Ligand SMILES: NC(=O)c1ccc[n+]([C@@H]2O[C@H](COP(=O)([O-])OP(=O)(O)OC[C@H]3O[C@@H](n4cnc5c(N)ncnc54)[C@H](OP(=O)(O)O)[C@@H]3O)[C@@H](O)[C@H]2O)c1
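Shown below, as structure tokens, is a lone chain in the form predicted on its own; questions about how it binds or moves come after it.
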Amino acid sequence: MKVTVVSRSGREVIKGGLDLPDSATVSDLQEAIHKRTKKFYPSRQRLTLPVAPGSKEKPVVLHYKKSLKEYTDGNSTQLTVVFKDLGPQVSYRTLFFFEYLGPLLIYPLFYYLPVYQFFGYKGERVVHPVQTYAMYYWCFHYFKRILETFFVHRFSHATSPLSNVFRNCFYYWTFAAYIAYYVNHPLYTPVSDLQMKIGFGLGIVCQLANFYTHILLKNLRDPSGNGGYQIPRGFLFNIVTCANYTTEIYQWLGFNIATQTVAGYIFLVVAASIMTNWALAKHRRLKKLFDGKDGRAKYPRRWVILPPFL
């Protein structure tokens, strides 16, 4: 099989094309491209079928496990694919590890070290119980996140652009410092003991529920990360499409009820907005895939992320 590899502008990426066996898969093609170019390792490649000029249709992305013959249009000896360089890639586990490691290390610095002396506060700092509990709560959350990254989550995509590491780390690390600064501040005024217990109680319950939703999502995919889209079922998923995001939002609500800082509520609003966009997109995708037609299951009626509002 002769495979012609071109860029989106139509320029030939591999001069003279590639000759591959008729039984070759997309993965074989990616390895052949890597062998000829060195720089473009397989996870850095995005291969699609050409689309007609002016067409508004989305190009078909070649799946690495499929045979190249499945993408030929009646002529099994010739195939043209469009190559796109996705840029340097890192594994999702690497991405998540570094974005969660920052908050896990940054927050305790404001609790244990005399950092406020650098901001002009020379007096003795009194540590309130809520500040201690908040530090334990915070560290438990991000330590749980790191453990889930390595032992629970299964990823549908092997890698992510390297630029996402810097973007995500900036987001998580900056908010960690912002919140830690105010919660551990020498002039911090604690909430009532009852409010603290209600907030942390709600938060812990939601953290445990969040862990369980991740276990349920894990079981929807096989160990390789494949399995396609499936209807999540069980526990809160019988009520909410994105129960994992729901419990994530409410666990931060619990933290903020207990600590009550403007910085914490800003983080809650930003995080909830981001997760709501993700949830709406996933809800639409599942409803489209499971439309009840041609033998497909029909997606059940559910809230998207935040009952009773959405």
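Numbering starts at 1 and follows the sequence shown. Since the structure is predicted, the reported quantities are computational estimates derived from the model, not experimental observations.
Another form, the form predicted in complex with this ligand, is not on view; read the next lines as being about it.
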query	finding
This ligand in the predicted bound form: contacting segment from 253-261, 281-289, 50-58, 27-35, heavy atom within 4.5 Å	281-289
S156, heavy atom within 4.5 angstroms of this ligand in the predicted bound form	yes
H128 within 4.5 Å of this ligand in the predicted bound form, heavy atoms	no
Exercise: C139 in contact with this ligand in the predicted bound form, heavy atom 4.5 Å	no
This ligand contact at F97 in the predicted bound form, heavy atom, 4.5 Å	no
In the predicted bound form, the residue from Y178, Y171, Y121, F235 that sits within 4.5 Å of this ligand by heavy atoms	Y171
Residues Y245, F267 and A271 all lining this ligand in the predicted bound form, heavy atom within 4.5 Å	yes
Sequence-ordered list of residues in 199-219 near this ligand in the predicted bound form, where near means a heavy atom within 4.5 Å	N210, H214, L217
